[in-house]
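For reference, the chain that follows is the form predicted alone, supplied as structure tokens.
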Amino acid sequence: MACTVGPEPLGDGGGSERPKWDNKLQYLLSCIGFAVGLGNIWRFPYLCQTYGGGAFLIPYLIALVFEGIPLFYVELAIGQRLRRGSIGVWTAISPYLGGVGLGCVTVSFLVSLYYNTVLTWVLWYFLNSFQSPLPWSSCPLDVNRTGFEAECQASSTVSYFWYRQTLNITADISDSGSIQGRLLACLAASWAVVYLCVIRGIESTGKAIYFTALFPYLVLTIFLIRGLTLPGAVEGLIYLFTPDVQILQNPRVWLDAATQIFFSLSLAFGGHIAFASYNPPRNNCEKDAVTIALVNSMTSLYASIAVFSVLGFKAANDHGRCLDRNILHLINAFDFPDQSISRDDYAAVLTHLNASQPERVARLHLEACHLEDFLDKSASGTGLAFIIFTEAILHMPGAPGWAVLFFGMLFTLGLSSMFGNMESIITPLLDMGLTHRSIPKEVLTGLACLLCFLSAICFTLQSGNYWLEVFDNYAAPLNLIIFAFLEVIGVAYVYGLQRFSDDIVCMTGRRPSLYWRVTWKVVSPLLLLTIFVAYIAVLVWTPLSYRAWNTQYARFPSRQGAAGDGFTGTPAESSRKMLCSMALTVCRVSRTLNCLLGGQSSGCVVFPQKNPQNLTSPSYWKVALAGCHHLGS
């Protein structure tokens, strides 16, 4: 069979003018940087610890082999073959799939808004790390300067710095509060850094990626070496990886493993399609897909060891201080000589006193000091980065230096992921030729970054953390699962598995094995459909809510589930209305795009405008769903 390059690329981004990677390493680092993000540091270790330690690796590896790698291969191959961004690729496969590409761009835009907001918080902590002592090491004085802030004393120093001095958070989502100037300045700085890095597409990100993709591995290695020398590190690692096979009977374990693989590889965003479109047509994308996916998973394991060696040290430190407080109570109550009871002797002394004078011991109300209880106090997301880990750093010698390294690592991790997010947005726009040839790429990139910055200002409000949590939980996950399902169906059944296999032969020189063909045709679609159904079931049975800061809870993450107003009504209703608005917007635009790209300008009907207050009325959804059902017809 004669091998020919796929359909001619659209717009200015294609043809002989299409940029190319300087070398293969640039491309691999860009894909690794996009895939390896904050979730590898602050979500995978938490899931591994929560779901039976080493036992969690079983569903994780199964999901990697039958869901992650096959889908990843599809995105790299289709992007490299058709040499276009997400919209161009799916429109070329079928005009009716153009909405999938647009959906990928829309989700990438939404994710970029709050992902870079997290980098804003990281930048704020990074700048505050250049001082000794660290600002979250002690409570500030009150207004009268006669004591410490009551809110700080009621919670903890790290929680107070995060919730009050950084976010200045409101009581619930109904109270928007004001824009926080320090966060707005950091947000502007973060977007300025992103713009400077992506200003010329892969020509500029290809240079920056050498640092942003490799620096986190250097810092992780430093933390690992230091962490393993700290007391309690071994206990932390044993607790992390001790397998609990019984927990595999919980369906939620399998769902979280599948979704972790899915989001960790950054599937269905369109970034990998864009990156692969700059490859030469004969690049071995199969080897790339397997290599990048394995590096991503090994990074998660590597990060888990580094993180929990430090958290084990924190747990051992907290356990020791708990014993010291109890020892002090015993010494004072029973008139023992000072320093007469060591930590090693505490258990024996307490056992003896419980046997001889149980009533006096009971009146002391001693704390229950068990190392496992302190190891249990883990968290994911911002709770791990800005509370748990920052507190652990306080106990390490040279704390400011470790804080600079940690938050510098988080910033570069997030920055390399932002490269992929922005490429997901900009590449399809360039391919579609929406701008005149006289307008340089730098201007379009600048306008995209400016629009993202202006749209993200809402996250710098005092209630911004609540909105970010709503977006993170409900705006992207379900959409990405749907888009990934449509992608694999589009390749296997619309584009045709035989035709796709022929393309693979042209690019790699060999036909896909039975493993690839079976996963693309049957296994991956069924897995994604199962994940979709399970995810919907979780949403149905779990009340839509957000967590609000309550100063009465002394330790994170014991925060209350808030029940306040959003747009109007309860948080669940607010979230539902927001999701309805977003879904209908994407549906309208997708229909219009499909009509235009499919050459069906006549007979294309845009949904009638309705009052936003009627978003949840049956009549509104009857019209909306009817329009979506006949999408592109």
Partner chain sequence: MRQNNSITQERARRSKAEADAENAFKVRLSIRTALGDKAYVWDTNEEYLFKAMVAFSMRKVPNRETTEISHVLLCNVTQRVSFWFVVTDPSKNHTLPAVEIESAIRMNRNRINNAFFLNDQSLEFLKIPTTLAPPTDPSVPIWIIIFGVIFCIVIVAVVLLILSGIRERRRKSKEPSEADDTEDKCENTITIENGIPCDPLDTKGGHINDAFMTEDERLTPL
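Positions refer to the first chain, counted from 1. Worth saying up front: this structure is predicted, and the values here are computed from it rather than measured. The term rigid core refers to the most C-alpha atoms you can superpose between the two forms while keeping them within 1.5 Å.
Omitted here: the form predicted together with its partner chain. The next part is about that form.
By the 4.5 Å heavy atom rule, the three marked residues 141, 328 and 335 all count as contacting its partner chain in the predicted bound form.
Though its partner chain is absent from this view, in the predicted bound form it lies within 4.5 Å of a heavy atom of just one residue from 281, 231, 440, 251, which is 440. The listed set 247, 298, 225, 185 contains one residue whose heavy atoms approach its partner chain in the predicted bound form to within 4.5 Å, identified as 185. Within 4.5 Å of some heavy atom of its partner chain in the predicted bound form lies at least one heavy atom of residue 200.
Its partner chain in the predicted bound form is not approached by residue 211, whose heavy atoms all lie more than 4.5 angstroms from it. Shown alone here, residue 217 lies farther than 4.5 Å from its partner chain in the predicted bound form, counting heavy atoms only.
In the predicted bound form, its partner chain lies farther than 4.5 Å from every heavy atom of residue 495. Residues of just one listed stretch (266 to 274, 486 to 494, 76 to 84, 125 to 133) have heavy atoms within 4.5 Å of its partner chain in the predicted bound form: 125 to 133. Taking a 4.5 Å heavy atom cutoff to its partner chain in the predicted bound form, the contacting residues in 193 to 208 are 193, 195, 196, 199, 200.
Taking 2 Å as the criterion, residue 282 does not count as shifted between the shown form and the other one: its C-alpha moves by less than this amount when the rigid core is aligned.
Once the rigid core is overlaid between the shown form and the other one, residue 364 counts among the residues whose Cα shifts by 2 Å or more.
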